[in-house]
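Let's start with one chain on its own, the form predicted on its own, as structure tokens.
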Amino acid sequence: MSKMLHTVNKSPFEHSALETCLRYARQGSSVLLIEDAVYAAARDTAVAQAVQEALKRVQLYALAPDVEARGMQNRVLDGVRLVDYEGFVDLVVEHNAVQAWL
């Protein structure tokens, strides 16, 4: 079975990339939030419910340096895993393909 890593870098409050990604991401896929997309990992936002629903079928990751740069360390939803740059590379290696949602 091929494993797909989806990367999203746009804020879910300004762009539909995350919404589209979550619609197409198959069961067992992984989604990595980078740059402004890490805002989707925050608790108590308009997209938090959609992200929590997605966690039932995909693994969700957020790039820790981007989370920290936006002062969100204490606001990350349960179930979203933080990874550093080395973890980002590991995710790319672990998956057969990478789909960037721009």
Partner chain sequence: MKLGIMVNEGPYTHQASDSAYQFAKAALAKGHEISRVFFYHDGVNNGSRLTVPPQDERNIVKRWSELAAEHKLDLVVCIAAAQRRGLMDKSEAKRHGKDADNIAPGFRISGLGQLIEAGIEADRLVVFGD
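Numbering follows the first chain given and starts at 1. Please read these numbers as outputs of a predicted model, since none were measured by experiment.
The next section is about a form of this same protein that is not shown, the form predicted together with the partner chain.
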Exercise. Decide yes or no: are Phe13, Ala48 and Glu53 jointly within 4.5 Å of the partner chain in the model of the complex, with each residue judged by its heavy atoms?
Key: no
Quiz item: For Glu35, is any heavy atom within 4.5 Å of the partner chain in the model of the complex, or not?
Solution: yes
Quiz item: Would Arg43 sit within 4.5 Å of the partner chain in the model of the complex, counting heavy atoms only?
Solution: no
Quiz item: Would Arg70 sit within 4.5 Å of the partner chain in the model of the complex, counting heavy atoms only?
Solution: yes
Exercise. Could you confirm whether Asp78 comes within 4.5 Å of the partner chain in the model of the complex, counting heavy atoms only?
Key: no
Practice problem: Would you mind checking 52 to 90 for residues with a heavy atom within 4.5 Å of the partner chain in the model of the complex? | Solution: Asp66, Arg70, Tyr85, Glu86, Phe88, Val89, Asp90
